[in-house]
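Only one chain is given next, in structure tokens, and it is the form predicted on its own.
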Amino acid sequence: MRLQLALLSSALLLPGCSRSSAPKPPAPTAYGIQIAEVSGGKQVAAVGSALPQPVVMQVNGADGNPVAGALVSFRGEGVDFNPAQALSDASGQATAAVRLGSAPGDYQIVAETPKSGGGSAAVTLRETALGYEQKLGSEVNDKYCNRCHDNESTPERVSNFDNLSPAPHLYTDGATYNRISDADLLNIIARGGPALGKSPQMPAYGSTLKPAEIKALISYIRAMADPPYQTPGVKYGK
């Protein structure tokens, strides 16, 4: 009889347990008035994968000094954060690892901290997820393009950017590339700069790259554009 009662009590408790709420955020011990990006914005990764570097935010007070113990929350549609909420450390910073969603394109990340008098301070960051074609374009860029179109040298690659005049445009230069049609970009890549009256230092890659690789490179350039590229004829909601 006692065993039956114990089993009945356990069964009655189970429904309540299944409706447990989401974990509560850590309780802040201090508040700031400003949140700023330290690092992690404008990163690129394949769809469904983690960003190469974590997102690091800093909370500052009215005097401009970092605030420890302030709550920082991370949110973004289709994005996973680890952790989604954290308290700032002794340097006023909070860090989150970010995994992008399964759809290619831009993802907006919002980092937010509450203010002591009410309201909150927030910063929005842009991250980019590359689909299959854009990933192929990234590989083409790494092999053939970024020695000239990237102004930063790495241990694997010495940039030739500063040796060229006029200087090549970075692929993030949306102000320039967004004004060039796909057809003109294809001609420049395949036939070289002189084909459209551009710099003769831009060589022709038509005999080096397959048409699919050129198309993928253009898709990658569109994905990297800042400000973001908008497809002609498509209306974007605000």
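Numbering starts at 1 and runs along the sequence shown. Predicted, not measured: the structure shown is a model, and the values here were computed from it.
Just so it is clear, the following notes concern the form predicted together with a small molecule, a form of the same protein that is not shown.
A.B. asks: If contact means a heavy atom within 4.5 Å, which one of 44-52, 28-36, 196-204, 60-68 is the stretch that engages the small molecule in the predicted complex?
C.D. replies: Going by heavy atoms within 4.5 Å, the stretch is 196-204.
A.B. asks: With a 4.5 Å heavy atom cut-off, would you call residue 148 a contact of the small molecule in the predicted complex?
C.D. replies: Yes, residue 148 sits close enough to the small molecule in the predicted complex that at least one of its heavy atoms falls within 4.5 Å.
A.B. asks: Is there any non-hydrogen atom of residue 117 lying within 4.5 Å of the small molecule in the predicted complex?
C.D. replies: No, residue 117 is distant from the partner.
A.B. asks: Does the small molecule come within 4.5 Å of any heavy atom of residue 166 in the predicted complex?
C.D. replies: Contact check for residue 166: yes, within 4.5 Å of the small molecule in the predicted complex.
A.B. asks: State yes or no: in the predicted complex, is some non-hydrogen atom of residue 224 no more than 4.5 angstroms from a non-hydrogen atom of the small molecule?
C.D. replies: Although the small molecule is absent here, residue 224 would stay clear of it in the predicted complex, with no heavy atoms inside 4.5 Å.
A.B. asks: With the partner absent here, would 74, 81 and 86 each sit within 4.5 Å of the small molecule in the predicted complex, counting heavy atoms only?
C.D. replies: No residue of the spot touches the small molecule in the predicted complex.
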